[in-house]
Every structure is written in C-alpha cells, then in structure tokens.
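This document starts with one chain, in the form predicted alone, laid out as structure tokens.
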C-alpha cells in the first residue's frame, strides 16, 4: 500500500527523490575527493619518505643531530618484526649536506637506506627518469630531478658533498650520479639525495649507527595499535616511537583544517536536504488529512497509519539514495584510477605547500555507508511531524477538511 501511495502523485515523488539523488551524488563525490586527495598527500610525503612509524633515540627528534643516533641493533629489529601488522623494518641514516656541482651549491637532505628493502615500501625505482637505481654495494647516488635541474647535473656527473660527520668529524667527498628520480612531492624533489646506507656511514664516520628505524606496516588503519605495542615493548629503553602525525605536524594540520571545512560543507548540504524532505513530508501529510480521518474512522489503528507514512517516506528516500549511489560508484572508480591533475595557479598553490597538484578519489566503502545512513537519519527525523499530526488527529475535523 505504501509503495502504491507514493506513485499516486508521481511528480511530487520524483521531485523529492531527485533532490535526494543530487544531494547524495554531490556528498559522496565531494567526500571521496577529499579523502582521496588526503591519501595522495600522505602517500607522497609519508609512505615514500618518512614512513608511518619511526623508532629513534629519545634525544634525536629534538635537534635532529647526527650525534644523537642509535645502534643498528638486530635484536631491536627482531622485536619490532614480532609485532603483528609490521611488514618490515628499514634502517636509515639521514643528514644534511652542502652539495656542489660546478659553480652551483645547494643544501640537500641525504637519506641513507637499504635500497632493496626500502624500495619495497617506497617504490622509488619506478620513478627513475634516467640512469639506474642503486643497490647496497653501489658507490654512487640517486638525485631527485628538481635538485639535479638546479645544479645542472646529469647521470654520470659527480657531486661534491660537504657535511658534518659523527661527533664533529669532517665529512667531505664526491659521488657520481647513478640515477635521477622524479618524486611526486615538490618539496622532496627539490632537495633529496638517496644513498646506500653503508656509503653514508663511510661518509659520516658513523659505522654501525642509524638515525632511525622506519617501520613499514601492512595497513594504515593499524597505526595506533602498532604504535602502542611498540611503545610498550621499548618502555624503559632510551628510544622514542613516533607516528607520522608527530613527525609531520604541518601536513596533519593542513589535512585537519581542510577536513573540517569539508564537514561544514556537508552539514550545510544536509540542512538543505533536511528542509527539502521536511517540506515534502508536510505536503504529503496536509493533503491527506481527510484520507487519514476516513482510515481511522473505519477502524485502522493510528500506529499502522504512522507505519504507513514511515514506509512511504523510506521508499521515496531509498529511490533517491540507491539511484544516487549507483551513479557515483562508477564515477569514483574512474577517478580513483585517473586522478585529476591541476594546472595554473591552483597547481602553483599546491606546490608552494610541497604537495603534488593532484585531486584523488577514495574508494573507501565507509564513504557510501556514512552518507547513506546520514541521509536516512534525516528522513527519520522528518517523520516526527506526521507522527505528531496522526497521533493528535481529530477524526471529525479531518473528515470536514
């Protein structure tokens, strides 16, 4: 009966369903684009560089001094690997250096890594634009394209590097460029040099030492649990366990600020949806007061009448919601595989913050589920009006209306 009733006035039903349809399409696409763009930001800056979790000497993060390093202990690595959700442990030695080629000099960030293990997480070898990737025994370096362009260097050229070694030892040497990579993050692409871990140790006279152990995890959703387990495991040691949000507060704040504005936009959209649905429900109720009076007069219980209105509203809502979800799924799947690359001033703005100018899309099913239940909740709230009207229905007045 409820299904037949909503099609008695097809125009009203289609208008109400269409308003929900466009609202859910807009809400899902907007939220998917927001979360997908955040994922790109995090992957570019965190997954391909610092990792989601790092273990460091407790004094290192304050000054990031090369003198505050920790031992590259196999027992610590084994303890970390025993935590559920940890895929690998990547020892790293990071420092700063002046890099010179010809008459050009620039400050660069040096990252000493285990090339084979690190590449399984960062996939930097796939971003080579010329030359070859390094291995553990290489005596050369990989330079990012932005830095190479500034120095006017190519594969085969030699860079002179001057830095401070462990405990004030002077560090100076020259290294051939074996490969050039193009990183998605402009901030990293303009200043990063990647070297084999043992080569950086020789350069800085820091044998057997690392600045951090980067923990590669299976799922970002498990970061809190894994961090808590690692902190418990190393309690009492002179070690710190840091999440990416503690190491990159700027990116976290950018995401939190943008996310808050996105939620405000959704709330405004939901308010528009709510009043649109409420107007439809009020019309449906007011136009049918005589009908309700007749139905109650012939013996229909009010609770069944309320249930009938509930089903009618839900049917209209489901028509709009399900058709909207069916429309958005292929759209977000396409843009998930083909992110939108920005251009012009918008791209320059992104790059000024050290971010790749891409708008990505997320395929997290919770986006669809959250929007579905949010709108469904609004539908249920609008039913307060017909419930009150039917519960206080005066049969005589209704029949005269």
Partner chain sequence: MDKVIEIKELYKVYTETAIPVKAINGINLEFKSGEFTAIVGPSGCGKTTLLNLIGGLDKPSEGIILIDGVDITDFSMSKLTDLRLWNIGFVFQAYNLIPVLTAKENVEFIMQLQKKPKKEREERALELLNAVGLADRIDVRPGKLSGGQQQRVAVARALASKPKFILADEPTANLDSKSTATLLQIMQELNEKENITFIFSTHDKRVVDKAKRVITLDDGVVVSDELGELKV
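Note that the structure is a prediction, hence the values are computed from the model and not measured. Numbering follows the first chain given and starts at 1.
Note that the form predicted in complex with its partner chain isn't included here; everything after this is about it.
Enquirer: Identify which of 86, 295, 159, 284 has a heavy atom within 4.5 Å of its partner chain in the predicted complex; exactly one of them does.
Expert: Exactly one listed residue reaches within 4.5 Å, namely 295.
Enquirer: Which pick from 220, 231, 302, 106 sits with a heavy atom within 4.5 Å of its partner chain in the predicted complex?
Expert: Here the answer is residue option 302.
Enquirer: Which one, 302 to 310, 201 to 209, 253 to 261, 89 to 97, holds residues whose non-hydrogen atoms are within 4.5 Å of its partner chain in the predicted complex?
Expert: Looking at the partner contacts, the answer comes out as 302 to 310.
Enquirer: Considering only heavy atoms, tell me if residue 116 and its partner chain come within 4.5 Å of each other in the predicted complex.
Expert: Although its partner chain is absent here, residue 116 would stay clear of it in the predicted complex, with no heavy atoms inside 4.5 Å.
Enquirer: Should residue 79 be classed as touching its partner chain in the predicted complex when contacts are defined as heavy atoms within 4.5 Å?
Expert: Output for residue 79 is no: heavy atoms all beyond 4.5 Å of its partner chain.
Enquirer: Can residue 182 be called a contact residue for its partner chain in the predicted complex at 4.5 Å between heavy atoms?
Expert: Residue 182: no, not in contact with its partner chain in the predicted complex.
Enquirer: In the predicted complex, does residue 290 have a heavy atom within 4.5 Å of its partner chain?
Expert: Yes - in the predicted complex, heavy atoms of residue 290 and its partner chain come within 4.5 Å of each other.
Enquirer: Each of 10, 383 and 387 having a non-hydrogen atom within 4.5 Å of its partner chain in the predicted complex: is that the case here?
Expert: Checked in the predicted complex: no contact with its partner chain for any of the three.
Enquirer: Taking its partner chain as it sits in the predicted complex, which residues of 170 to 192 have a non-hydrogen atom within 4.5 Å of it? Please list them.
Expert: Residues within 4.5 Å: none in this stretch.
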